[in-house]
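Listed next as structure tokens is one chain, alone, in the form predicted alone.
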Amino acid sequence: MNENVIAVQELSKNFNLGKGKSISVLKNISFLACSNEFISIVGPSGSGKSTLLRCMSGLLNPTQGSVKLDAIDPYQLSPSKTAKMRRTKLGFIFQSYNLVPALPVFENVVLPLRLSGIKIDRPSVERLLKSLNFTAKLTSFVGTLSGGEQQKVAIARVLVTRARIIFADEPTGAVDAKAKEIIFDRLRKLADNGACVIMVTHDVDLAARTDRALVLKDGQLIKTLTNPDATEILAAIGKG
């Protein structure tokens, strides 16, 4: 039986502009997400997609409302418990990759395992990267890689942790069509095997292959589409 692993209630986020002024980026958003579920967040540029992802993942404190991850409020944890939760339960795929330039490919991938004291199986890491169509050397420093190859390293780093909840911000944005399919299929498989995957994307065709699409516009959740198709999504975001 699927269980709720993310609960977002009446979440709002304002950013202070100084001189007593602020801007409202998210407005009163509520939804639940379950294990075995792959959810996309779609909407026009500037609609608040990435901000919502950061607020619900415990990276950006909301102005109002609440977030529960596995029934835990990440904003009420101590820094050490927050760090442990991120290592053991959550996986993050960022647009900016968030890799460590001073480390080679292999060490970037296994960093969460090292921090958690988990034994590292090098051949399985090599197979994982190969399955993502990664072609550079594992000894290469990540700064020497293309954006697409860096994204594959970032995704491999999440996959090795077997995280229960995965937040992905435009995970296919920097890769070619073949890699896009490989990455999407891996995320789909993670959800099918029990994870909860939340993906921000501009790719309507990929969003149409997720279980639900949350449609944002002007910081509001205007529609939730179950088993969406591309035509529905385009119409909901005003491009149909």
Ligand SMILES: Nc1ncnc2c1ncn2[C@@H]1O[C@H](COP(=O)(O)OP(=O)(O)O)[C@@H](O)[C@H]1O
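The structure presented is a predicted model; accordingly, all values stated were derived computationally and were not measured. Each residue number is its position in the shown sequence, starting from 1.
Heads up, the form predicted together with this ligand isn't pictured, but that's what we're talking about next.
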173, 65, 44, 194 - the one with a heavy atom within 4.5 Å of this ligand in the model of the complex: 44
Partner contact for residue 201 in the model of the complex: this ligand, 4.5 angstroms, heavy atom: no
Residue contact check: residue 225 to this ligand in the model of the complex, 4.5 Å heavy atom: no
In the model of the complex, residue 25 touching this ligand (heavy atom, 4.5 Å): yes
In the model of the complex, residue 48 touching this ligand (heavy atom, 4.5 Å): yes
Which of 186-194, 28-36, 48-56, 207-215 sits within 4.5 Å of this ligand in the model of the complex, heavy atom basis: 48-56
